[in-house]
Structures are given as C-alpha cells and as structure tokens.
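Heads up, the chain below is alone and in the form predicted alone; it's given as structure tokens.
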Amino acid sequence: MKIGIVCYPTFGGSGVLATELGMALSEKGHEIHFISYQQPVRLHFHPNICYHEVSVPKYPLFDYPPYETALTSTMVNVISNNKLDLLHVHYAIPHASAAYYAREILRKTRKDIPYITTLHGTDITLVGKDQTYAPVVTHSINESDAITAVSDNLREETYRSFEIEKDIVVIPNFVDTEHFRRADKDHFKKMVAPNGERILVHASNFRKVKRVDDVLRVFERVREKIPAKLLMVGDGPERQHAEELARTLRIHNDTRFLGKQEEMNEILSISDLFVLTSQYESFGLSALEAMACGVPVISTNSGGLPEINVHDKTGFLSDVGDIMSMAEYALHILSDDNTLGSFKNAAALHARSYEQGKIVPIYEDLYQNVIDNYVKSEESNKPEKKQKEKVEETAESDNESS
C-alpha cells in the first residue's frame, strides 16, 4: 500500500505514534509518505519512507499564515504525484479538515482518495470543544472513511462532545519493546545517583495540563523520607516556572531539567519510578514506554490512564492533585528492593500487551478494509459518474456552440 501520514512532528504522543507507525509499516514493505511542517523527531531513514515538508509562505496581509491551506495543497500534490492509496491523519485539528478539503479537490479531477482520522486527546477534549472549531471538527471527522481513537475513554469523550454519526474504532497506542527495554546503563545511573539514590523521572511537554508542579511536590515528600533524585525530561511553557518552584522547595540540587531528549529508553533504563500527574491523558504513551523499560508508574486516574496502568500491579493511580497519596504510593514502591523489583517486572510484562507487532497489523487490516470499500464504492458509482460526465460534456459542447 501507498500511505500518506499527516502528523505533528513534535514530541507529543500523536506525533510519536504516527511516526512509529509509519516506520513499522515501512519495514513491512509499505510505501510511506510523511506530510508535516518539519521532519518528525523520531523519523529515521528507510528506503520506503519519503518526507514532504509543508511550506507556508508569509505575506504581510496575514497575521497568521494559513497553514491549513498550505497543508491541503501539499496533500493534493503528494497524493497526485505518488498515486497514494490512503491518507491517515493524526490529530483532528487541522489535519482531518485538510484531508477532507484535499479529497474534495481531488474528486473534481476524478482522483478520489479515502482518509482515516485518528483522535489522540486534546484535539477532542480541549481544542475541539472550542466553538470556534467545533463545526469543522465535527464535519471532517464524520466525513472520514474510518475513525479511530487511542483509548475507550477518548472514544466515549468524543461521542459526548460531538455529534459523531460513525463508529469509532479503538486501537491503542503501541510500544516498540525491542527499543524500549531495560538496558545496562549503570555508568549513567552512577553519574545521576552516585550514592545509590532512587531515581524518579517525569517526561512531558510541560503544558499546564501536565501539572508539573505536582511532580515536584510529590518528589519533595519522597525525598524527605528516602534519598532520591528527579529527572525532568521535556520542555514547554511551564518549564521556567517549574525550575523556580524546585528552588523554592529546595529540591533543585536533586532535580535535573534535561530538556527534550530523543533517547528516552536510556533515561528510563536508569529510572526506578515514572511520575505522571496530568489533569488528563487520553492514553499515556510516555507511561507505557516507561513500563516497557521496567519502570513502574505513579499516575493520576484521569482519561485513559487506568486502561494501561494497573493499580497495585504496574504502579498506582491517584485522583488528580492528590499529592499526598501519590507520594505515599511512591514510597511504598521505592522503600523496599523486593517490592520495587516486583513492580518493575509486572510493568515490563504488562507492556508486552501493547507490543508493536500486535497493534500494527490492526492498522493494516483497517487500511485494507477502507481501500476495499472505497474500490467497491467506486465500482458501484461508475454508471452514475459516466452519466454525469456525459451531461457535463454535452453542456460544454452547447456552450461552445452558443
């Protein structure tokens, strides 16, 4: 199959999943065309992968360059030049609407193409609910040839928030357990925790929804009881405030802000506990990657997190903002080597349920079904199309005669 994948190129879950999916599909022989405004962060070279950059010209007329228009035009060109079979767009805004416009443009040239929309979270729970976008989001999702969501929670949230007329298929995020697995990085661990301190880690885009303050306050309570270090991975609008809070709480000497990191598997390999305090997570891919590396998780019970983090097995779940509970759970796991070892093993074992090799074939089957249904639809519409073409030709001929 020739598949176009449209995504954000950043460290967020939607871009990571889209990139990992495209690379996995390329390994299976499919031709993959990534379309985005810059190369996705986890994208590596493969002969079956092409990257197409969306260029947005800047004109004094526009306060905000029309990215959606440039994206639509790029989609049309990539589809036409490479004869793609299918578009798979990740994140509804503006990718689904751009795919819809591209399909309508191509229909005029009788080169129609189906598209699948995968919903990832804030495109539904935050941005999509804004009435500024809601009508377009609803229409472009409903016009999709298939809709998927990364968790049961997100599926139900979408139905509650929008008038969706089609079935939403839940296909969970996956993890490459060959890449994300615990490796021997003791030399790194000794550099971070030279006296054998426990290492806690958090990774996010440092937006308000991630509640990074809570991570620091949980760590403050843990460090009062046991020697510990904290690694804060990522960057975003809340980073400066978080660094200031670390100094205020006097935990800055035991906290490292590492910024954006591509080799998360190496950081997770030296970690003892992953802390995710988000207000909402549609799935929690970062938590799954941690578990795959044998790192138990302390998380909130919001969104899709209870679907992957099994309470008192792979870690613990707490209410949003319940810092005391999270700290107590963290200490329960970290205070005893045997308990920590048990949680680490359970986390790694559970992550195998989401192995790449189990999830990618589900997408392949969906692609094939969508393409087959599209071909059948085209076949059934051929007589109608021929009649329409004949009418248009007659009308053109009459206009020329007059």
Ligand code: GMT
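One rule holds for the numbers: they count along the sequence shown, beginning at 1. This one's a predicted model, so the numbers in the text were calculated from it and none came from an experiment.
The protein also exists as the form predicted in complex with this ligand; that form is not presented, and the subsequent description refers to it.
This chain is displayed alone, yet in the predicted bound form one of 316, 180, 100, 283 has a heavy atom within 4.5 Å of this ligand; that residue is 283. Of the listed positions (91, 329, 206, 115), a single one reaches within 4.5 angstroms of this ligand by any non-hydrogen atom in the predicted bound form, namely 91. The stretch that touches this ligand in the predicted bound form, counting heavy atoms within 4.5 Å, is 283-291, out of 283-291, 133-141, 67-75, 267-275. In the predicted bound form, this ligand sits within 4.5 Å of a heavy atom of residue 150. Using a 4.5 Å cutoff between non-hydrogen atoms, residue 202 does not count as a contact of this ligand in the predicted bound form. This ligand in the predicted bound form comes within 4.5 Å of a heavy atom belonging to residue 121. Contact annotation for residue 173: at least one heavy atom lies within 4.5 Å of this ligand in the predicted bound form. Applying a 4.5 Å heavy atom cutoff to this ligand in the predicted bound form picks out 15 as the lone residue from 15-34.
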